[in-house]
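Coming up is one lone chain in structure tokens, specifically the form predicted on its own.
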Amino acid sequence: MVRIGIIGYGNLGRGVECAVKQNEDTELVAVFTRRDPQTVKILTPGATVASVADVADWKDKIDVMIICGGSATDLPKQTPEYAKLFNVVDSFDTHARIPEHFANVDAAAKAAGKVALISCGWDPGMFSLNRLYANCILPDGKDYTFWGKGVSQGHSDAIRRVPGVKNGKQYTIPVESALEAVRSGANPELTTRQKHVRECFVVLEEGADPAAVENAIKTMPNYFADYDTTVHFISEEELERDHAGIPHGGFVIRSGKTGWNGENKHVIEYSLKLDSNPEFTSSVIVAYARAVARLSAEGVSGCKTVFDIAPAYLSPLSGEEIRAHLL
């Protein structure tokens, strides 16, 4: 059995707990929280809820620690720190900072003789793998990534920071005409605005000016200014009734050519449609936690990404079973 620990019990931590239950060769040993452990109720019978302050006491009781903090401020500090004590997995998703995060975690994990896997999930993660495979297979081609339709948690948080907004959610939606142009093999040049639209559902504070709120959202740099954005004002009841979930998904597409003169066109497409973004991310993480435990048992150390791990390491099946049933 792979003994799993979870640091952080938000949407992702709860998803990891569910994923552990679905994998017969993994067991949840403990959940570590920054809150008062007495106030955190988990679903797994027999597992412990403990304070993160006591995490070092569990050094020899956990095979893989899954770190469920946020990428902005938590994971850059937590992952290198906990890699000194445990084999770890995180879902760091700030793409521009992955090289820096990798270097920091790699130094800590190598010094401690531990295995650390960063940026595990669906993007980065499964989408990254599909981009790499497609690039290798069609070197003369172009990559396209579309996200949605789904809830962007970062953009939803940005909406909620706007003065006058009581609550809100934002959906990222691919532009269908752009998708079709890519699928046709036309290799179009697409701007940010041409690939996605953003749709916002906003609950206003009492007395707030709708026009001012809408303008503040639509002109927000780095979030909405570069997109065609629609803002809908709804009641709190409507938000809870119609927008309670966290769905997401998207498409990774590579369009390329083969033949002596590039006369034949090919399109590789990988798509996801997810009812729950955090639960799917968690499912990917737990499969890779199994791989991390196996690598550690082989004496491997240092930081890894999904690019470095052979697919067979993710499966609970033996090599013989995989070859017989999946090859």
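The numbering used is simple: start at 1 and walk along the sequence shown. A quick note: this is a predicted structure, and the numbers were derived from the prediction, not measured.
Form predicted in complex with another copy of the chain: not shown, discussed below.
**Message:** I have T39, V197 and F201 flagged as a candidate spot, so tell me whether each of them has a non-hydrogen atom within 4.5 Å of another copy of the chain in the predicted complex.
**Reply:** Contact check failed for every one of T39, V197 and F201.
**Prompt:** Is P124 close enough to another copy of the chain in the predicted complex to count, meaning some heavy atom within 4.5 Å?
**Reply:** Yes, P124 sits close enough to another copy of the chain in the predicted complex that at least one of its heavy atoms falls within 4.5 Å.
**Asked** With the cut-off set at 4.5 Å between non-hydrogen atoms, does S301 touch another copy of the chain in the predicted complex?
**Response** It does not: once another copy of the chain is placed as it appears in the predicted complex, S301 has no heavy atom within 4.5 Å of it.
**Prompt:** Do Y288 and another copy of the chain share at least one heavy atom pair within 4.5 Å in the predicted complex?
**Reply:** Y288 belongs to the contact set for another copy of the chain.
**Asked** Any of the heavy atoms of G10 lying within 4.5 Å of another copy of the chain in the predicted complex?
**Response** It does not: once another copy of the chain is placed as it appears in the predicted complex, G10 has no heavy atom within 4.5 Å of it.
**Message:** Please tell me which of I98, A111, A225, L239 lies within 4.5 Å of another copy of the chain in the predicted complex, judged by heavy atoms.
**Reply:** Of the candidates I98, A111, A225, L239, I98 is the one lying within 4.5 Å of another copy of the chain in the predicted complex.
**Request:** Please pick, from H155, K142, R131, H243, the one residue with any non-hydrogen atom lying within 4.5 angstroms of another copy of the chain in the predicted complex.
**Result:** Going through each option in turn, the one that passes is R131.
**Request:** Choose one stretch from 163 to 171, 209 to 217, 72 to 80, 181 to 189: the one whose residues place a heavy atom within 4.5 angstroms of another copy of the chain in the predicted complex.
**Result:** Looking at the partner contacts, the answer comes out as 181 to 189.
**Request:** Taking only heavy atoms into account, state which residues of 101 to 119 are within 4.5 Å of another copy of the chain in the predicted complex, ordered by sequence.
**Result:** The stretch touches the partner through F102, S119.
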